[in-house]
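Here we start with a single chain on its own, the form predicted on its own, put down as structure tokens.
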Amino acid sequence: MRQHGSWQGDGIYFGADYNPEQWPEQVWADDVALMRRAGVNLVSVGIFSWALLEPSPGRYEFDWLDRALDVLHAGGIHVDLATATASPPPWLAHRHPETLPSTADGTVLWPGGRQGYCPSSPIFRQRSLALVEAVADRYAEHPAVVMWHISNELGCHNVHCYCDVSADAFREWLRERYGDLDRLNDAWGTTFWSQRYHDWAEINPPRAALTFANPTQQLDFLRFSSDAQRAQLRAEREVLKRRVRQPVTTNFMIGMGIKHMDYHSWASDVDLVANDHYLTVTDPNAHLGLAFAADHTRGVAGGDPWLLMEHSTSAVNWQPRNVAKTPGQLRRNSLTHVARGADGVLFFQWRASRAGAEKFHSALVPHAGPDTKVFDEVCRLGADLRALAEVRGSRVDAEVAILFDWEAWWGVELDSHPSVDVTYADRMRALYDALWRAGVTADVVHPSTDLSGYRLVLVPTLYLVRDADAEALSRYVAGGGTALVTYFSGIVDEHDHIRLGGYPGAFRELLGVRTEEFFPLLAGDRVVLDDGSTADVWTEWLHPAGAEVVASYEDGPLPGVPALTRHRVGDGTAWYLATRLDEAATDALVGRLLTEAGVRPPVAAPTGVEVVRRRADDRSWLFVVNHTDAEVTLDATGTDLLTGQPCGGTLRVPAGEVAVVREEQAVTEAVPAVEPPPAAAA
């Protein structure tokens, strides 16, 4: 973390959003007593309190917040104080309806929910920054405040606004990006469909149109929208930095659900990276998605420890069926985030609300009170986190990287593409999940990241790629690395222009192949490869151009055409997968790649047991999360910090439980890689 040393205290942060304004003041003392009982040491305060702090323009009322912070400080509870700008008060829209956001078809979105503002509105910016100044001036030296929380989940609901204010801001953003109309027209390919612009005033956001909007216009609007949210983050940060000494953060939403903020570009604007993560609890593999989000958050943080700002103790309120978490799941979820780099575990929220849209969202203190399963589990987690204090500041071991780019995500899912079945999350998660099942931890990083420290790099569906990033991958392979690129990668440049000469465009020479035509499959169609594996969704007419053919189609539209190739480049190897393998074949391929690259799991573990190692200098800690319904035994030597029991070579982890072993001696060698299944053999 960029200011990790400035965090107060020595342990792992534990807590929740706290909304004292929702409760009578006589409840506050009970809250603090329960927080101390649970081991809570950090709460986020004031996130949605603008209407109370500023009941009318320029009139501030801080007395209630003064008293709340004083009560928390007296109880030894640290505060992550919000700027309170996450949702404007009703008076702003009443006096300035031009601050309201609009959809692509011109529908105005009225107050009554949250984040009801146009992110490009100068009036919103002015009023929000005035609030930030007032809050910062009053609480910069309050002893309870250890960090500052800008807004909340920026862009969660209002990332895209198509109003006239946003249109003007979009034109200005385009002027800065391109400089003149000739460059914009070239980038947008406006000779197509008579779209050439001769005046900046002619340009609009991609509002509702008769047919497909210009794809580069769409892509640039997505970039602009992310930058508009980032501009609010940066503006608030600058106000704070002139007034406060504590670290500044905001809560990102890194996962495969929220796609429209480019958090790689935002990371430099915060002192520590924080993330919110919520499970789809009906998904039997939700714990794999949790692990992916944690590894990606760590990648955004540059490998540094990070803060889990929000997750849920049990059910949420916004899914079609809000299923409660089973006993032990809260603990496994939370400690998995810690295993993968979190130095703080916070929830939404402290006490379940009595009213409002989130009244059925779970909390640390449920409606039924502290004499509950949930609060018992909260107290157990608090004890766990106190026992893990020494882990804080350590980093996660990872020898594999997966390349992730939000712009590639936006680009691959634009309209009028070869197949709607090609989505960004699909192969990203398929490859990640295969690594998880193999017991291997991966960093999820931007393509511009220095790859030299990794043994294996996976490149799923990197449809849009810049020249510099494609060249960096080639240098990595030539220098001795192993890489796998999947289909529909390297197809376009940053302007969404096709890279001519044959697919996969930017990676053609690296991979030693040339594809002349895509042959996407119809829904439900499958093909068989000559190694016995099956695939669906995608095939392509591929010609080897130096690459070795590993597997070919046995049937389907292209019998005998290569589907999997391997190309030696310098001291390394580049693989190309030109179809969508099923899960078993994906696991087999990943197993072969791990063996070839010399990547091994921290310890051998049964399927369904998650093992991750964190390390600091000459110390290491082995996290073991047992997602199965049976006790498991692993090789480990050291002390389980959660039980205080030594393990002299053998570690037993009961069904559904977690162990964290301070290893007797920092481990430098992992266990031998598991041999790949026969289907993966050459």
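Note that residue numbering begins at 1 and tracks the sequence as displayed. These numbers were taken from a predicted model, which means no experiment stands behind them.
Below, we refer to the form predicted together with a small molecule, which is not included among the displayed structures.
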item: Any non-hydrogen atom of residue 48 within 4.5 angstroms of the small molecule in the predicted complex; value: yes
item: Non-hydrogen atom contact residue 251 with the small molecule in the predicted complex at 4.5 angstroms; value: yes
item: Partner proximity in the predicted complex: residue 407 to the small molecule, non-hydrogen atom cutoff 4.5 Å; value: no
item: Residue 310: touches the small molecule in the predicted complex, heavy atom cutoff 4.5 angstroms; value: yes
item: Location of the small molecule contact in the predicted complex, chosen stretch of 150-158, 265-273, 366-374, 599-607 [non-hydrogen atom, 4.5 Å]; value: 150-158
item: Single option in 567, 466, 497, 114 placed near the small molecule in the predicted complex, where near means a heavy atom within 4.5 Å; value: 114
item: Listed residue (348, 507, 221, 575) with a non-hydrogen atom within 4.5 angstroms of the small molecule in the predicted complex; value: 348
